[in-house]
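The data below hold one chain only, encoded as structure tokens and taken in the form predicted on its own.
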């Protein structure tokens, strides 16, 4: 399945390149649906696209992984059909856009597998990222400096993490990386690092820690027990019709029929 998703993503990106990631172009045989935005939603949009295209082989769904902020702007400019954001819309964005939650994502806190720390409170996480705690021994770890890994300023994952931990504009990052995969890779290679990443993107190369005694899972995210979580959102223009192909894909992605694919991608379906 992973191989199929990788091939699908590559084909979609090539198609997106040649079409300039423009809005959908319907044909007599179907159409093309252009999606653009959150890199954290890569697995979710990949699984949903594949499942949809298996049943609607005359339609091609493309994905351009530019980040949440860029995806929202792409919808506003009309250069894509559906934007993808790993955060809720801001009030100023919601004036001309609709945000529909398609799945829920737990933002996982990850450390290197050699790190003995197993659980942190949100207060401790905030203190770490604000530079108030600089040595792992202060939170039950080894006597070693804390290396803070995060995402770039436009990232929806960063926006979600900083909003929940109340650390907006005060994080003392050692490295700001441009993709979730880079965060996981960096944490896996340095025993003193801590990072945050979409739960769906966490691999066994790093150690997932619980937050205030709660490990992120379908149940704890859906019922709200796990506190560091955010929505995966499909963004569309208000007062503007989607093409038939885009509307059909949107309807599928936001229906209960999509739940099994959202789960397969490692995210959590919306409680219906």
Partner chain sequence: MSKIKKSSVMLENAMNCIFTVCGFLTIAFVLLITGFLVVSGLPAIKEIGLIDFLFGTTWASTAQTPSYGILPFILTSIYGTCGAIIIGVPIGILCAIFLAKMSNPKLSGIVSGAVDLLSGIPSVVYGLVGMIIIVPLVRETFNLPDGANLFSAIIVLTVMILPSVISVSETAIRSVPKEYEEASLALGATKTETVFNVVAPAAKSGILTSVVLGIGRSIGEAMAVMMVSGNVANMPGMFKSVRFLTTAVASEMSYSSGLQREALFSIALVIFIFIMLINIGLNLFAKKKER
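Positions refer to the first chain, counted from 1. No experiment lies behind these values; they were computed from the predicted model shown.
From this point on, the text means the form predicted in complex with its partner chain, which you will not see here.
Listed residues 122, 97, 147, 139 were compared with its partner chain in the model of the complex; 147 is the one with a heavy atom within 4.5 Å.
Contact with its partner chain in the model of the complex, judged by any heavy atom within 4.5 Å, is made by just one of 76, 186, 201, 167: 186. Contact with its partner chain in the model of the complex, defined as any heavy atom within 4.5 Å, is confined among 76-84, 97-105, 122-130, 174-182 to 174-182. Remark: residue 152 counts among the residues lining its partner chain in the model of the complex, judged by a heavy atom distance of 4.5 Å or less. In the model of the complex, the Cα atoms of residue 63 and residue 198 sit 3 Å or more farther from each other than they do here. Put simply, residue 166 and residue 42 come closer in the model of the complex: their C-alpha atoms are 3 Å or more nearer than in the form shown.
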